[in-house]
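This document opens with one chain alone, in structure tokens, the form predicted on its own.
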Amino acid sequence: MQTVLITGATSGIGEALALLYARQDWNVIACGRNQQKLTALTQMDSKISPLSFDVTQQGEVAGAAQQLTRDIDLLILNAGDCEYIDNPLEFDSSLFERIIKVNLISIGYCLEYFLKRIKKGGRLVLMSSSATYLPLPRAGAYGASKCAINYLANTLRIELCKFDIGVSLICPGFVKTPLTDKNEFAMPLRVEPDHAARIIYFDLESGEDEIHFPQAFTSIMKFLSLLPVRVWRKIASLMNR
């Protein structure tokens, strides 16, 4: 039986992935900070095991890795957060630091302690965002953290070839999660977590390097990214009024 470790498994995409992989007869190591939610998740399927730790605390990540009793076939680093900087002239450096730490620095912690536990022929999965395709108003902190994830994934994909470890990058559009529920703007083509999890599962089974969805939305984002910078700047400025 194959084993997958998923961070951020107590809600949203992470929770949906944990339940889906368990249904597909995988051993699932579900990770998160909320022990109560992890316990509730494990009660849904006996193939799900809880591992409680805070990805932003290096010592806790190291301790969690020591608790692993088996190597893993799939490592999905999904945990993350989103906050917006509303006024660039009042740049919130504390907010910026929080987002960079949870979305990027924590990935470094997890790679240090979990990457070596991936079996030969296994796969590393990093969660990014379709927001990386275009610079978007208010998303400076979030977008910067996710753009760094893209570069990291693309670099590791080259470097890990000799170890027979694949790397996949996930760039979703809007998914209905506790994070997007806080948004006060229109979110076109937002999908349910179960739908997102199915796309991710089947694309990972196919060994896709980049997974983006819903394609009706992400394809438009990719097309707009081909526009001259000055054109997109005018469009984005209208969005930011």
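Note that residue numbering follows the sequence shown and begins at 1. Source: prediction; values computed, not measured.
Keep in mind the form predicted in complex with a small molecule is missing from the figure; the text below concerns it.
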Item to check | Interface stretch in the predicted bound form with the small molecule - options 64-72, 22-30, 51-59, 201-209, non-hydrogen atom within 4.5 Å | outcome: 51-59
Checklist entry - With a 4.5 Å heavy atom cut-off, would you call residue 172 a contact of the small molecule in the predicted bound form? => result yes
Next on the checklist: So, residue 39 and the small molecule: in the predicted bound form, are they within 4.5 Å at any heavy atom pair?
Outcome noted: no
Next on the checklist: Taking the small molecule as it sits in the predicted bound form, is residue 109 near enough to touch it, meaning that at least one heavy atom pair lies within 4.5 angstroms?
Outcome noted: no
Checklist entry - Does at least one non-hydrogen atom of residue 150 fall within 4.5 angstroms of the small molecule in the predicted bound form? => result no
